[in-house]
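Only one chain is included here, represented as structure tokens and corresponding to the form predicted on its own.
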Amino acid sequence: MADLSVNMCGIQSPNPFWLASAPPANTGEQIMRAFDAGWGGAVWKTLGTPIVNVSSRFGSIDYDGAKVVGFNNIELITDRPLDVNFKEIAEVKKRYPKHAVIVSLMVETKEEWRDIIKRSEDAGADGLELNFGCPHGMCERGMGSSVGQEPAVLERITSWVMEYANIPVLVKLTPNIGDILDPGRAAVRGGASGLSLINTIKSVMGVDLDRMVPLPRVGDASTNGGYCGPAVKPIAMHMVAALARDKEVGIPISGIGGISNWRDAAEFIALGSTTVQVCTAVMHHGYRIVEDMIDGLSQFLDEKGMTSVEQLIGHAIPNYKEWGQLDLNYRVIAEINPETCIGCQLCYVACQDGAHQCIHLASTDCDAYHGVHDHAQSVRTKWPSVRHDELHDGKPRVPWVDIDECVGCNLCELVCPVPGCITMKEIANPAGPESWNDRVAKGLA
């Protein structure tokens, strides 16, 4: 079996799966149960001057029968005494010396940073994570994302921390910014050991239309919160990859955002993450999801002939390019299998109204569509079991693709409810690859 252990900027972990700094990592008892379930590490819920949290603090979006596709919270940092937190950190490290315990911190002044760093190290923390990403509540007090959105401030505070810290320091970045490279590079200039991202996205979850109050409702009002869960995964992967391939960054990354299973984790690792942090999926399904994550990642690495997680880190980065580097001569076209088509015609509607009008319906008047005779003959040759009336009856069921008009946008394949019914067939181009940048260089664009 592949070796799942990782070294995250000097922090050893038995596997890359960590709990993110959030409610699942709020107490020592929780984290010890998580370690028993198989988690390799945990980032303690952010410590700072304890605050009072509101009641009614979570909201979610359900879609098409799936629960908690997107999740929102207006919860802040720890509301438990620091003495209690540090006592529990020490107990966790005593009982689980081989697991990674990282303490998330958020304070204001240089003196406060010095004090809380020392207390964290005295408790046995393996590393620190600086919370420069919280998008609500704390940012109004000059912390959280208000730091992460100001690269100069982020750099200065990171340099303060690096003066005092004797253990690795991760800087947690906010996605609520124009270009993630700006704070990432600032963290590097400040001396950070590694980066973690993304923190949650500033959001409003919905509106109670009877009371005219945003959600989640706190009495007769609400506020913006932090958005996370499966819906944010594409945003998180883009930002992780942007930093992983930037030559001015070059430090380890802990990926966060919508990770729910081993495949999500593998994708983040392939895009440059050394570890991955999970929150929403644990809140939804519990700590034991890590069992499938461990088994799935192990099997995947074995199938790929990789002996360690290290070999997967950043494996996809060389193939993440700018648009101008993509091959303009590469072409795919849609192909519909009439044997599995259920005649829902979603592909036809999507193509007509949302794409390039290259999918058509069979008609009793074959001459109404250019090339339909040839198309029908090719279908009968490739799929001889298809009945003639499936192509030509009063209520046609099987659409067909005008390959000369198909631009290979993938929309029909994406909306088709039958797996494998519509596939994108690659068409070889004898001219070979040519990018927009190539055309510009030749004076053709």
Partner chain sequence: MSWSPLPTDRLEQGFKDKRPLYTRAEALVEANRCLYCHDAPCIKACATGIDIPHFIKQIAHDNLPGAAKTILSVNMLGASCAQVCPVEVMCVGDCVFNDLNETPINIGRLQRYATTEGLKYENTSGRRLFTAKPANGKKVALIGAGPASLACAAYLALAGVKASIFERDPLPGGLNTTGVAPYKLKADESLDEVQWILDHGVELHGGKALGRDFNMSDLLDEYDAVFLGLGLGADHHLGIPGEQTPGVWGATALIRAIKNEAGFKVPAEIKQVAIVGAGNTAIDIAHELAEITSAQISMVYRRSESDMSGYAHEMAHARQVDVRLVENARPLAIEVSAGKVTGLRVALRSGEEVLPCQWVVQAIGQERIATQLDLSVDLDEKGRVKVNEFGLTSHDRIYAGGDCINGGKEVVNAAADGRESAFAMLKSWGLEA
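Just so it is clear, the structure is predicted and the values come from calculations on it, not from any experiment. Numbering follows the first chain given and starts at 1.
Only in words, not in the display: the form predicted together with the partner chain, which the text now covers.
Peer 1: Given the partner chain in the predicted bound form, answer whether the residues Val69, Ala265 and Ala281 all have a heavy atom inside 4.5 Å of it.
Peer 2: No, the whole trio is out of contact, none within 4.5 Å by any heavy atom.
Peer 1: So, in the predicted bound form, is Leu361 in contact with the partner chain at a 4.5 angstroms heavy atom limit?
Peer 2: Looking in the predicted bound form, residue contacts with the partner chain include Leu361, since a heavy atom lies within 4.5 Å.
Peer 1: Using the partner position in the predicted bound form, report whether Tyr227 sits within 4.5 Å of the partner chain, counting heavy atoms only.
Peer 2: Outside the cut-off, so no.
Peer 1: Residue-level question: is Trp113 within 4.5 Å of the partner chain in the predicted bound form, judged on heavy atoms?
Peer 2: Answer no; every heavy atom of Trp113 is more than 4.5 Å from the partner chain in the predicted bound form.
Peer 1: Can Gln299 be called a contact residue for the partner chain in the predicted bound form at 4.5 Å between heavy atoms?
Peer 2: No.
Peer 1: Can you pick the one in Val84, Val207, Val349, Leu181 that has a heavy atom within 4.5 Å of the partner chain in the predicted bound form?
Peer 2: Selected residue: Val349.
Peer 1: Within 4.5 Å, heavy atoms only, which of Val218, Cys344, Met162, Leu326 is in contact with the partner chain in the predicted bound form?
Peer 2: Checking each option against the partner chain in the predicted bound form, the one that comes within 4.5 Å is Cys344.
Peer 1: Pick the stretch from 405 to 413, 57 to 65, 42 to 50, 25 to 33 whose residues have a heavy atom within 4.5 Å of the partner chain in the predicted bound form.
Peer 2: Stretch with heavy atoms near the partner: 57 to 65.
Peer 1: Residue by residue through 399 to 437, which ones have a non-hydrogen atom no more than 4.5 angstroms from the partner chain in the predicted bound form?
Peer 2: If the 4.5 Å heavy-atom criterion is applied to the partner chain in the predicted bound form, 399 to 437 yields Pro417, Val418.
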